[in-house]
Every structure is written in C-alpha cells, then in structure tokens.
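Look below for two forms of one protein chain, each set out as structure tokens: first structure 1, then structure 2.
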Structure 1
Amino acid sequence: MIITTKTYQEINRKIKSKDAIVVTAEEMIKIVEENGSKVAAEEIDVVTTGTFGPMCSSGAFLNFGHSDPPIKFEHLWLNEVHAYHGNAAVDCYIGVTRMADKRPFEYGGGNVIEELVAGKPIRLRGISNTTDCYPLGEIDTYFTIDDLNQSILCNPRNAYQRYVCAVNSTDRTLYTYMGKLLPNFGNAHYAGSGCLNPLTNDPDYETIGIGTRIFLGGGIGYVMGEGTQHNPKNRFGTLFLKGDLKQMRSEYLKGVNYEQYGTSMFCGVGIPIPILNEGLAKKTAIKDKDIITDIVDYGTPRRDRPTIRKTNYEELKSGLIEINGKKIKCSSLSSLYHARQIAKELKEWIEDGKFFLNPPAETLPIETDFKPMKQVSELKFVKDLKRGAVICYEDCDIDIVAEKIVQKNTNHIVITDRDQYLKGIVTSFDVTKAVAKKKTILKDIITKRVITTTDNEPADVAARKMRKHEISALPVIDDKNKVVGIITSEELM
C-alpha cells in the first residue's frame, strides 16, 4: 500500500515560502542510495527531469490576424516551408519535418520555429481561391512573433519514455532519423537522457497527466495528454505537449537537418515530479543501468526490425557497446549536457518560488496499445514477383552470353560459378559494346559489384534500390550468395 506522505498543496506552500527541497533526477539517485527511500520521501519535495533531443513530432499553431481585404488561405508558406492550412482563414500549423520546397534536407519547419522564437522576421506567402467574404487572392509579407495573435507550440508526440539503440548490419552507410549509421556495425546511436528522462521517473504515470505544468522550450508548457503512439505496456510512453512560443527561448528550440533524412527540431522538455510518497522517491532514483532498451538493426527496412540484444543506458552512455564480440563506438543523438541544464533550470525556478506544481486533471492511460497501420493492399515481396534468372558461367565466351540474350529475350544475364554462386552481371548493352570493341573475354565486361536483393525483401525496397543506383534489375540471392532468381523493373511496374 502506498501511503501518501505529502500533498500538492503542502509542496506548493513550501515552494511559495522558498522552503521546498528540489533535486534533479541524477542527484536523487545518490540521496536514495545514502539515506534510503523513506527518508528521501520525507525530505525531498520535488525531483526535476529533462531531455533535449530531436523531436520530429513537433510543430506550432500560428494565427496571423486578418489582412485587408481579408484572405482565406488555401496554401501558405513560411520562409518557403509549406505550412498546413485546413481550418478557418488565417490559422496554420507549421510542422518541423516539413522541408522548404526549394531547399529540402537543408531548411524546414524546425528552423522556422527557431527563427520565429529568436525574433527574426519570417516571410509569409499565401494564396487563396477567393470568396465573397475573403476576396484577397494572394499575400506576400513579413511578420515577427510579436505580430502574431497566438503562436502555440503543439507537439503530438514528445519525450519518449525510452528509445532504442540503432545499428546497421548492411554493407552500406545508412542515413536515418537515428543519424548516420556506418556499415557492418560500424557505430551505434541512441536517444534520450536515461535516468533524467521525464517519463522514466514516473513510469506508472502517477503524477504526469493532462494539465501537468512543465518546462517546454525554455518557457512554461503543459501536458495535453498521452502522445500519439503512446505505448505504456512496453514502457514507450509519449506525451502530447503545448506551450506559448512567445515565452520560449530559441536555445531550447533548435531546427536541425539530418543528411538524407530531412529536417526536425530539438525541443527541451523538463517535468517536475512531486515526491508524494515513498514509491515515487524510489522510482525517481532509477539508475541508468536499470533502464533497459533494445539494440535494433536499422539495416532491415521493415517495421519490425530485428533486435540484436538488450542493453541499458549505463552501457549506452559509456560510449562503447559490444556486438558480436566487437566493441563499437556508441553515442547519443540527444544532448545529455542540455538535458541536465534543463533539469537544473527547472529546479531553480521551483526553488525561487516561480514555478508551482499541479495535480493532473487525468493521468495518462496505462493500457493503450500501439497498433501498426492497416494496409488494405497486401505487401508484395521479391519472392512473389521474381522470375528465373538467365545464368551464364563466368568462364564462358561472350558469344554464348549474346546467344542467351537473344534466345531468352532478356537484357540481364547473371554470371555465376558452377555452383550458382553470384559472380557478376552482364547486360545486353555491355555485350553490344563488347562486340563493337571486338572483345571476346567475358571477364572484361562483367560488373562485379552487383546490387542484389533477397526473397524476403519488400518489393518497394527493391524498387528503391534500383532507383537509387539507376539500374533496372537485381539478382535475387540467398543467404549464401547463391542466385535464386532475378527481379527487374518490369516486374515492379
């Protein structure tokens, strides 16, 4: 049974008289270790948390006020980033992963929000279908945050309870939302601040819920409820957050761009946990080594990526993790330094009597499931579409290859050794060129570095490979590099 030792009112009374004892989640570990959770629950009033990382599900609602004559936007752009307009006349939502039409992968909604908060002028360009009540067809103007009626940061999914650690088993560099992942398990990336993470310190959602007042982007914000994809059963809880951009600081809202992935925004979030009972004292003393997560292979381009093994935040923060007996460098995508600063700043606000705690109107759900997308068309795999490869052995003559091309009416001949192991590929164009240049040795015209696929690769992934490498066929191989077919752009059409 949990005995309530303190109430919100008691804590707030202490905050008001500047007597509240506030510590960060990192400091709490030592306090509980040295004094036990019972004493800690009596002595500590509030534990502060913090996180500062890329939060792709972020954005802001802005209201511009009416122009003269009035306009009802159909489309609008802020610094050339397309904002969403689907409600009323002069409201919009600017999302951080939306990229500038002409500068994609370079500048996006996150940069717009950062600049807006920094007080810089933002260009607003909009077009309208025009109506009798909203006759203006086009607008091109500049505004700053002071010119807006409301500017509300509204993030449907922030502050993941924990996140996975990403690695890459393939033989090429991957550019993902988990950063740049080197081939053959060359490095590892994780996210989140571990023992400082807000939801990690209140894992049963006893104090965080609808209406909880928080630190958001350097100002004050509120929890609106569970975030999208909230997945409490797996300890992947998320939060839906809002706050007034006019109170925020651009140092805690930073537009970023990840190579070949796109734009996002770093967002600073800090949540105070009132120590109402001994249970919360224990939970806020959670250590990095007790926060378990998965090392996941991002080399598999599927929803359910294979888990390599379990790890914990202590190992992740050590900078090295072991995979297949090899130590690889591991670093974070989110800033531990700034997470700590946020927890400290929130602590100071409370100590200075400037920030009070409130009970949530409702706590977060603990039973929600995170379902996958319903897809009505069946997912097609390479094995469903492939056909038999036309094969020649590596030691045969170009003549034979040419003959096969004609005979089988194909453009691609897969070259193998006698045991069907892949050795290369030759196209009808290669053969034509060889004939023109009077070459007869097959070895001279084989493409040896072949891009391949496997039976269980989704057809769309194979199609992306072809587009990326500007080729029109992929040999299908098994896990031993034996050829089991071919798939060409014709099958994928």
Structure 2
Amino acid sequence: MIITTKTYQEINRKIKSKDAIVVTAEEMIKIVEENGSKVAAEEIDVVTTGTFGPMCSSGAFLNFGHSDPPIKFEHLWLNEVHAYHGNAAVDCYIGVTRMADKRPFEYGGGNVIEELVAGKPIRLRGISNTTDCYPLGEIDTYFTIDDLNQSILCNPRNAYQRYVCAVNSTDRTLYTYMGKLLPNFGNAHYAGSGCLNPLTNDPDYETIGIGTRIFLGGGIGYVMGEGTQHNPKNRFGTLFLKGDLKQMRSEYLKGVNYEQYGTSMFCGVGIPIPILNEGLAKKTAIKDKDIITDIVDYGTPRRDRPTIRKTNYEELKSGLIEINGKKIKCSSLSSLYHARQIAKELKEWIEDGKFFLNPPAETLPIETDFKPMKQVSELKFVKDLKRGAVICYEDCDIDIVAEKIVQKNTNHIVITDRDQYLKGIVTSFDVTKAVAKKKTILKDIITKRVITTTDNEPADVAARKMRKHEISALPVIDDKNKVVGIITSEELM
C-alpha cells in the first residue's frame, strides 16, 4: 500500500499562500470516519489540538534590570510570594505552586503570573547580603510586565498525555491536587481534554520534539524537550515548554487556588500536528472512547494507589462513572471549552498565514524509564506502630469504662458495637468530667465524630492529623469501618 506523504516545506508553502486545509482534532474524527485515513491524509494538511487545565510544574523567569545603587537579591517576594533568587543578581524564578507567606491557600505564584500578564502592577520586595559591587541592602517597589527586560514562561512539566480519574473510598473528605474528593466515593475528578489533547494525537512523537512551535498561553511558545516525569511507555508523556509572557494573555493563564491544598495555574497549550502520512491521519482521529485510563483511590496515601477499574474519556466526559454498581458524579478539572477555543484559535492562525510549522531539531524519547524516588530510610506505616485498642461497647456503663482505663493503663477507650464497627471514642479526661458532673450514661460523653487512620497510612500523615485536630490518638479501622487497633502520640514519639 502506498502511503501519501507530505513535507513541512510543502505544508508551509500552502500556509503562506493561505491554501492549507486545517481542522481541529475533533473535526478530524468525523473526516476519517466518513472518508478513511488515506483520503484524510491526502486532503488535510494540519490538525490542531488544545488543552487547558492545572499545570503545577510551571513558572516564569523574570529580569528586573539593575537598581541604583545595584542590589543582588538574597530573598525576594512578588506580591508576598517568595520567588527563587539563586540566579544572577536581579533575575528570579517564580513557581506557580509557591504560596503567599501571609495568604497560604488563597494566593500564590500562579496568581502573580496571571496578574503580571494582565498588566497589573506587582509589588517587588527584596533583601540582600550587601557587597562592594552590590551595596543596596533592601528594595520595595512596583513594576508591570512592560518594565521587565525579559519575562519568560518556563514550564518543566506540562500537557500530560492523559490523567487518572481520582476517587476517595475513605469516610473523610480529601483535599488533593485532583481537587476536593468527597468521602465514600462521593464524587470523581479527572483532567485533560481527551481527543483534543496534544500528546494523544501524536503519541509516538513523530512531529513533536525540541523546537516545535506551539500555542502557549495565548502566544507563541516552543517545546524545549521532554517534561519531567516523562513516561511515554505508560502513555503519560509530558513536555518542557517555554514562551514570552509579553505575547500571552491572561485568558489562557489563570491562577487557581485549591481548598486546603495549595495554588497552581491553568495554562493553555495547543500543538499543530502536520499530516505527513496516513499513520498520522489515523492517530489524529483518535476518539475519547479509545483513550483508556484508571480510576484510582486517593484514599490510600501511597505512590502505588489501588486502581478501582479502567475507564475512558468518553465515560469521564459523560459526567457519570460507575463504581460497584453506583453511579458517581464525575467532573473535569480542565476546561473543555477553553481547549476547543485553543484548537480553534490555532487553526485560524495557520489559515491566516500567521503561524508556520517547523520540524523538531530532535524528536522526544519514547523508551524513557520512569523511576520512583530512591529512599534510603524505611518509611513507617501505621500498621508498623499500632497496638491493640481497648474497647467498650456503646451500651456500657461509665464505671466499666473507668475500670478499663485503670486496668489497662490507657487514656483512650474505643467504643464499638458488638461487631467491632466504630461508634466513638472516650478519653480518661472525658470520664473525669463525667464523674465531676455526675453523669452515668456513656452516650452523653462519647465523641462520635472520630478522626481515624488505616494500616497503610504513613505514620507521619497520622501524626499530622493529630497535630491538626489537637488530639492524641487515632483508632485504626479497615475498609469496612471495623476497629483493628489504635495509634497514639506515644507510639509516634
């Protein structure tokens, strides 16, 4: 079979003369369905893609120019967000996940970049270890993006090829980078634009590589190489991107703040895929139902979280997924509307002869091994430190509870029913107060809203729970809410 072939030069000549046939990835699906991949390869010159969602590994290099007298920053803050100073004297890097010192969880580096691109004034406060050539010790001023010499968006890991779908099996709300996950599979979150996603349309990196010109944040950007945690073997490829912030628009760079998790930034990325052969025509016609990913339980705070089952982007985009026969509301952290706008805008740039394609100087690796962090010390889990819980039933008298506290030399009594299902907890202080107030019924002193842990929770996570809630013990429960032990501050110490 003869495969139709085009070159970048031929496509760019057609773009220059405004004769190029350009479609979005969603439009390409219908074209291939109706006409086949061979005809599509002959007729279509470029397929445009787009994604718009949280891209935490993003940031910007800024150069302020020299002050008079000069200063060499040791520390500096932009709108009270600590920026990295370890470059030249008046260069910095601000990351989108860095939170403001005085407003954590409410404002961060992503918000600074959005406001900078929008033309708003940014407060610069810096301090220095003075030297003979940099005698100024402190500065406090304001600037806008037009005052900067360079403002370079530099994103080490963007445009994930796909994402998992996150759920929560525990009985408490989890606050994660995948958003707020409600207890007992109360909701599900995913990210990415599915069939519009850039790397989904060129999964073997035939056209995406070092130097590829792209849509980035509303302006023109470039691929610098593979992103950090690039994992193409498992279809989790990523890209390292850069572009000039002065060309970009705040419409496509949005600071975002996740409740009780932190800050990030939504970033718009669109990549044109030149249809050089029939194989690329087939790949750019991929459907949402063919993009497979996992539903993962974030209730287990470990790297190898358990997979509930497989799903696909067609099911995810429907707004409902099914787990154990139960329909669960599913929503995206990404904006499909903005992804479509990006693909459409990039299409218009190319059709108008304003955007040309360039072959990569080097293609990206497709055999990269993805490795977890090397840890030289053993991580302790709750199951390694827990002990047997002293249990009383919910219909016990207070004097029986008090007797067990003395006999077992403990400060915590876990209250269950006869089948060991957790009902509450009582401390020695609760019993002391009950005696003082002449209370005799156990249910009057039980704490029913109990903070718990599980066997596979890291010990330091359990310790943070105790500090956050100002308590000194956590009942250990299994996945059915049965008590299997207790861990106290004594064990953690």
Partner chain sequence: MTIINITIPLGLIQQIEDYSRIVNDILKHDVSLNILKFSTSSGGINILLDLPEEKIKEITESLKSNDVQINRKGRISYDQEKCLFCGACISLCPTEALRYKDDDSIEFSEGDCIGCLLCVDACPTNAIMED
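Start at 1 and count along the sequence of structure 1; that gives the residue numbers used here. In this text, the rigid core denotes the largest set of C-alpha atoms whose superposition between the two forms falls within 1.5 Å. Fair warning: this is a prediction, and the values are worked out from it, not measured in the lab.
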Identity of the form predicted in complex with its partner chain, given as 1 or 2
1
Interdomain rotation angle between structures 1 and 2 - two rigid parts, degrees:
15
Backbone CA shift between structures 1 and 2, L385, after core fitting (angstrom):
2.6
Relative to the superposed core, report the C-alpha shift of V483 between structures 1 and 2 in angstrom.
5.1
